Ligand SMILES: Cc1ncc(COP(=O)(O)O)c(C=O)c1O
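Take a look at this single chain in structure tokens; it is the form predicted alone.
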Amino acid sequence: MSHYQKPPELYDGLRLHQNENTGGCSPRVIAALAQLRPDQIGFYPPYTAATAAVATYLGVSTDTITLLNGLDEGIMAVAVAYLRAEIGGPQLEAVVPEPAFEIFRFDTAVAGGKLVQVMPHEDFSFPLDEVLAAITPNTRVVFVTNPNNPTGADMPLEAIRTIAHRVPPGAIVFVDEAYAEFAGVSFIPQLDAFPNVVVGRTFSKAFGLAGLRIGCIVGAPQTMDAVRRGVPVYSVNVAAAVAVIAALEDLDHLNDYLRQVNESKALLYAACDRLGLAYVASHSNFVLVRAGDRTDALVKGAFAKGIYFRDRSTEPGCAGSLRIATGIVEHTHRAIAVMEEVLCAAR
């Protein structure tokens, strides 16, 4: 039996545009938050227990982990640590295979780095040769995502190993694994052999903690030292630290959501086939639908009915595409019904 009763709807609409868990967090998280004492809220939070819980879940030692106020904070810390050029020195470069999380581009600019974009293959297979060709002596970060956002495509772990061997001394490979729970694949078990690789994880997506903002980065202690200097002190609040422990104690809740994600993807694939819409097979909790000239009608038509899809047409290689979160099965049925209604009305 599902842990979800009647899934809550947030913000006066069904949010299928941010890849959130619209069923919400484990009931254990709510119970843990309710038990917070006034003194815990009044004091700066300790992180020992939360770090230990995350380390156990990921199968690593605690000295390899830094907790974050959302994974975004870790990406900024990496950019600040590795892309700030010395006065009079060359501009340092970040290589970003596209399409990619837009924060990679923003944070590179904020840190003063030079963005080197690698354009995608038509089928969104990972462009390893092109990434290797983009690496120069000034490269300091290669940002990769597995599985990719917004396509949901996976990348071979061998590609990460190859890039790590090819970056210059002093550079790192940052692997964004925000959606790793859905793919069931992680580079983390290989980190001991690759001290120049840092992996980012979040508890926003699969665990339903997006509103509390907690993630982490994982890597060799000597590599993490530079990144940690870019993370503000006590940036993770006490509620998030308590919540992540409770969430990790309820893996049944997680597994039920993962089951619903897989069922929802199958439902959406079948609907796209019926409606004549192309899509990218996804290893995540969303599907990139390649609707062509019907994209705008789908996004606007669904919005008018209180369901939010994400138009990704401006991303490299994604013209005429929208992204739809596939999580709670009830929500996916509603999304499909609206898609059918909008497209039938447009005929």
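The shown structure was predicted, so the numbers you read here are calculated from the model rather than taken from an experiment. Just count from 1 along the sequence shown to find any residue number.
The following text describes the form predicted together with the ligand, which does not appear among the structures shown.
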Notebook entry, point to check: Out of 264-272, 181-189, 248-256, 70-78, where are the residues with a heavy atom within 4.5 Å of the ligand in the model of the complex?
Noted result: 70-78
Note to self: My question is simply whether Asp176 lines the interface with the ligand in the model of the complex - judged by any non-hydrogen atom within 4.5 Å.
What the structure shows: yes
Check: Does any heavy atom of Lys114 come within 4.5 Å of a heavy atom of the ligand in the model of the complex?
Finding: no
Check: Using heavy atoms and a 4.5 Å limit, would one call Ser204 a contact residue for the ligand in the model of the complex?
Finding: yes
Notebook entry, point to check: Thr145: heavy atom within 4.5 Å of the ligand in the model of the complex?
Noted result: yes
Note to self: Quick check on this chain: which one of Asn149, Gln260, Thr139, Thr108 has a heavy atom within 4.5 Å of the ligand in the model of the complex?
What the structure shows: Asn149
Item checked: Residues in 27-50 with any heavy atom within 4.5 Å of the ligand in the model of the complex -> none
